[in-house]
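There is one chain below, alone, in structure tokens, taken in the form predicted alone.
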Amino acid sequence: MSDPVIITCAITGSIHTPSMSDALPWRPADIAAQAIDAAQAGAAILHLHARNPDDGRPSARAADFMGFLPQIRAGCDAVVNLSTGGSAVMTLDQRLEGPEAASPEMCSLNLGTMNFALYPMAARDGPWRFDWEKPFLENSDDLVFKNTPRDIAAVLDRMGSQRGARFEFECYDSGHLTMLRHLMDRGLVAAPLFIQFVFGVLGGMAALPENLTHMVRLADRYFGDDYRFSVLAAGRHQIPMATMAAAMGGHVRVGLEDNLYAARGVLSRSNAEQVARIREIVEGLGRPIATPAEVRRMLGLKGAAHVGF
């Protein structure tokens, strides 16, 4: 509980599609503007995916990342954390094209191969803005996100050893903590660890309080004092699970990548709205909000002067 709370904001992701919310940013200027607004609202880390600027399709192309990264850096001091997951339909080399070019301070890293089922979202009412959206969601009933131990080691090398990035280790299940411990034992990962517990994705852990307490107990056993944990939960579970994390001494992630709604049936107006809401809750618990400078010190980051954008 001695740490200030790190608020991460996941701006756009690769799950939700443009038809689901007018607030979801997918054009470069909108991604940049919402990221800067989220930082001004209190997000010290900005977790970023790229989108095709013509139709909002998930992308990891270097050109698409560079369409907004320089503007974000010029507009705020937040830590930029790029996805190495891209989309489950991409190869590893495709997923890393943008992150390798940008050489950010942080990257996300999913710690296992898993089902990543989005198909229930294809049943939404209303028209689809682009013809790729509904098939993309429907076909996820036969989609595996591939991230084998070899893939993980490659990301650690290409983004970590070669480019100096630290990682947001995304754990969707308890076995992912086992893998992280294994990677430490192999000497591929070093403390301090920043572990993101992910709840509510169909294929991973359910968003249940007992799952969070179980994951914290396991992480305590595996990593002792060498880690900090954060929590993200999909959809309506976002704020309750983040609140629980903050009350337990952890950190929080919000954003339109994870949840499009402010309340039942009410779409969020922006990423900054979600940041402001969780900030009010966290400060109401008596915990201060971490600044980007504090995050860089806490997580041992290389600093914004050493990125590629």
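Note that residue numbering begins at 1 and tracks the sequence as displayed. Keep in mind it's a predicted model, so treat the numbers as computed, not measured.
The discussion below concerns the form predicted together with a small molecule, not included here.
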> Heavy atom within 4.5 Å of the small molecule in the predicted bound form: which of W132, Y119, F223, F116?
Replying inline: F116
> Here the chain is shown alone; which of V198, L212, I195, V189 has a heavy atom within 4.5 Å of the small molecule in the predicted bound form?
Replying inline: V198
>> Is D64 near the small molecule? Define near as a heavy atom within 4.5 Å, in the predicted bound form.
In response: no
> Applying a 4.5 Å heavy atom distance criterion, does R253 contact the small molecule in the predicted bound form?
Replying inline: yes
>> Please tell me whether any heavy atom belonging to A290 falls inside 4.5 Å of a heavy atom of the small molecule, as the geometry stands in the predicted bound form.
In response: no
>> Is it the case that Y172, even though its partner is missing from this view, gets within 4.5 Å of the small molecule in the predicted bound form, heavy atoms only?
In response: yes
> Based on heavy atom distances of at most 4.5 Å to the small molecule in the predicted bound form, which listed stretch, 268-276, 30-38, 237-245, 45-53, is the contact stretch?
Replying inline: 45-53
